[in-house]
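One chain is shown next in structure tokens, namely the form predicted alone.
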Amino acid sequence: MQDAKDSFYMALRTRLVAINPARTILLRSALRPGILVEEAEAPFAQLPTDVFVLRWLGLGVDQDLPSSMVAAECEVLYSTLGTQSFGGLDRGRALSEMDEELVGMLTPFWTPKFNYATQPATQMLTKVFWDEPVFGPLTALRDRLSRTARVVVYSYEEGSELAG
């Protein structure tokens, strides 16, 4: 499933750069697109704002098919304080912009599967695909507006993944 998770992240990251190249994060002295995988980063005391954070949740396997299909649920968390120039009064507008960016990043609902453990990454035979996002309610905590969206990501396991 790691190849599917990596491929999903890289697809969203690439699409975010095309949709909004200004959404970035400075992390460990590197300026990166504003999306990260929580399990691949050092722990945060508080999640960063104006960034999409992918959190992997449940995992399931369907072995009643000709090839095993794995499904993992991904929660996308994001929040904003708005901008300083508007004193944070534009935080609702900023969160709506992030809602639209997330829908754009998730469309189309598939991407080729790559093995990113090799250099350069090698394309595999199958694709990674996912459901439409299910958005959670808006949450307001002090001056921070937050939302989560959940997506189930599917992938067929290939022979090279089963051996490793």
Partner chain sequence: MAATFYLAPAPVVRRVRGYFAPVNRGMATPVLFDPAEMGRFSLDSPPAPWVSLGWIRNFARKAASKTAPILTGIPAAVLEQTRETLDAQVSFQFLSWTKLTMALATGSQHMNLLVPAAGSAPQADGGVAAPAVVIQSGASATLLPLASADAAQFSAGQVVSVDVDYTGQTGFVGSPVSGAYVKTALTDVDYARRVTFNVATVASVSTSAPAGLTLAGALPGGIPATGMKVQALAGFVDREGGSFFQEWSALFVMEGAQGERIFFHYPRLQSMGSAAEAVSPLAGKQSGTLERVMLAGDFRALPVTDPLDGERVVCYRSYLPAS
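Residue numbers count along the first chain shown, from 1. Please read all numbers here as calculations on a predicted model, not as lab measurements.
Keep in mind that the form predicted in complex with its partner chain is missing from the display, and what follows is about it.
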- prompt: Do heavy atoms from each of Pro43, Leu47 and Leu138 fall within 4.5 Å of its partner chain in the predicted bound form?
  reply: no
Listed residue that, although its partner chain is not shown, lies within 4.5 Å of it in the predicted bound form (heavy atoms), from Arg23, Arg13, Arg144, Arg150: Arg150
message: Looking at Thr118, Thr107, Gln63, Gln123 here, can you tell me which has any non-hydrogen atom within 4.5 angstroms of its partner chain in the predicted bound form?
response: Gln63
query: Where, among 94-102, 47-55, 125-133, 33-41, do residues come within 4.5 Å of its partner chain in the predicted bound form by heavy atom distance?
result: 125-133
query: Taking heavy atoms and a 4.5 Å cut-off, does Leu27 contact its partner chain in the predicted bound form?
result: no
- prompt: Do Asp90 and its partner chain share at least one heavy atom pair within 4.5 Å in the predicted bound form?
  reply: no
